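Form predicted on its own, single chain, as structure tokens, below.
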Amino acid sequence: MSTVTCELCPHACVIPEGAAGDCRVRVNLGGRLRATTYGRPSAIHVDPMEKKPLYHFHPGSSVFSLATAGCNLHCLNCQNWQLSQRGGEEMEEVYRADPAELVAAAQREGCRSLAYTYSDPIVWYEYVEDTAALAHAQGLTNVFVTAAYINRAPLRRLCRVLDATNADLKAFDDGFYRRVNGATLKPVLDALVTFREEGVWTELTNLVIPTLNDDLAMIRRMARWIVAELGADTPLHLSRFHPEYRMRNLPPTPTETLRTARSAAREAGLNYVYIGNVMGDEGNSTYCPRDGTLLIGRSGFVITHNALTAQGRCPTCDEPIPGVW
């Protein structure tokens, strides 16, 4: 019986006949690699764009969000582990929806975008690609929420039908990736640069976990890398950790830790640094980097104030604010 090597992500799984790769959903069937969750989402919701989180891409709009089972990472703190750490056959609730049905449903719900999210859409690559192509044909945009552990060649191909991504940069430390996520850092950094090169609007999320990746020196190094490789206008979301899955021994991130980290990242040169999972914090909102004007006020996922001009500029100093408005 022949084996199949999966070339989608850096794990490069060599998969025997009838078995699945590390992600649990890409299976060798008769010597061909099949994504067994194609057309079988396990989660479908309409979300605010701010939940992704994307703060500089169609703010205040609704996004049709979907996911299948499976993930190519095994994060000890995963908040969606019931979805990500299972294969499709393990899910109790599975929908049937081909790409055309998903696009039609998004239009019925009044959404201008579809988001491939919750688990990691890398492992249901073909389902994303086919759905995203149809969405583009209908004038909708596509959002890719991912840990970005993917090889560059398939990512470049997928970028043709993507408009925006929020990508996790879990830590600026390879040892952290190996211990906590079952991955490595360099392929993630390569993927982030690829998103930039391919013109996909990119925002980053760093979940700040007490004692593990909250070191200010590391956060400064990460911010300097983002400035150098992606640009100072790349939004960075520093999110509060809550105990989850196999990491219940640590406390939630203190708010002051997040505020200090935000200051460090801004001092390193980033213009847009946000605090996530802390309701009503000043770091939820968007300010003009030139004159400090409040441009978009947020409380949780709700926009409470929007002063951007129709051209996406600051109303007081005319500074252009990067994003897709």
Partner chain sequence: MNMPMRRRQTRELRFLGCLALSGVLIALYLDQALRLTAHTGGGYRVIDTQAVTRRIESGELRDREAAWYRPSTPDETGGHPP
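Source: prediction; values computed, not measured. Positions refer to the first chain, counted from 1.
Another form, the form predicted together with the partner chain, is not on view; read the next lines as being about it.
Visitor: Hey, in the predicted complex, does residue 262 get a heavy atom within 4.5 angstroms of the partner chain?
Guide: Residue 262: no contact with the partner chain in the predicted complex.
Visitor: Residue-level contact is defined here as any heavy atom of the residue lying within 4.5 Å of the partner chain in the predicted complex; does residue 58 satisfy this criterion?
Guide: Close contact is absent here: in the predicted complex, residue 58 is far from the partner chain, nothing within 4.5 Å, heavy atoms only.
Visitor: Might residue 14 be said to contact the partner chain in the predicted complex, defining contact as any heavy atom within 4.5 Å?
Guide: It does: once the partner chain is placed as it appears in the predicted complex, residue 14 has a heavy atom within 4.5 Å of it.
Visitor: So in the predicted complex, does residue 318 come within 4.5 Å of the partner chain, heavy atom to heavy atom?
Guide: No.
Visitor: Select, from the options 249-257, 235-243, 212-220, 171-179, the stretch whose residues sit within 4.5 angstroms of the partner chain in the predicted complex by heavy atom distance.
Guide: Contact criterion met by 171-179 only.
Visitor: Under a 4.5 angstroms heavy atom criterion, identify the one residue in 109, 130, 198, 190 near the partner chain in the predicted complex.
Guide: Partner contact (heavy atom, 4.5 Å) among the options: 130.
Visitor: Scan 94, 159, 227, 105 and let me know which has any heavy atom within 4.5 Å of the partner chain in the predicted complex.
Guide: That would be 94.
Visitor: Does every residue of 52, 274 and 298 put a non-hydrogen atom within 4.5 angstroms of the partner chain in the predicted complex?
Guide: Not one of the three qualifies.
Visitor: Of 9-30, which residues get within 4.5 Å of the partner chain in the predicted complex if you count heavy atoms?
Guide: Counting only heavy atoms within 4.5 Å of the partner chain in the predicted complex, the contacting residues of 9-30 are 11, 12, 13, 14, 15, 16, 18, 19, 20, 21, 22, 24, 26, 27, 29.
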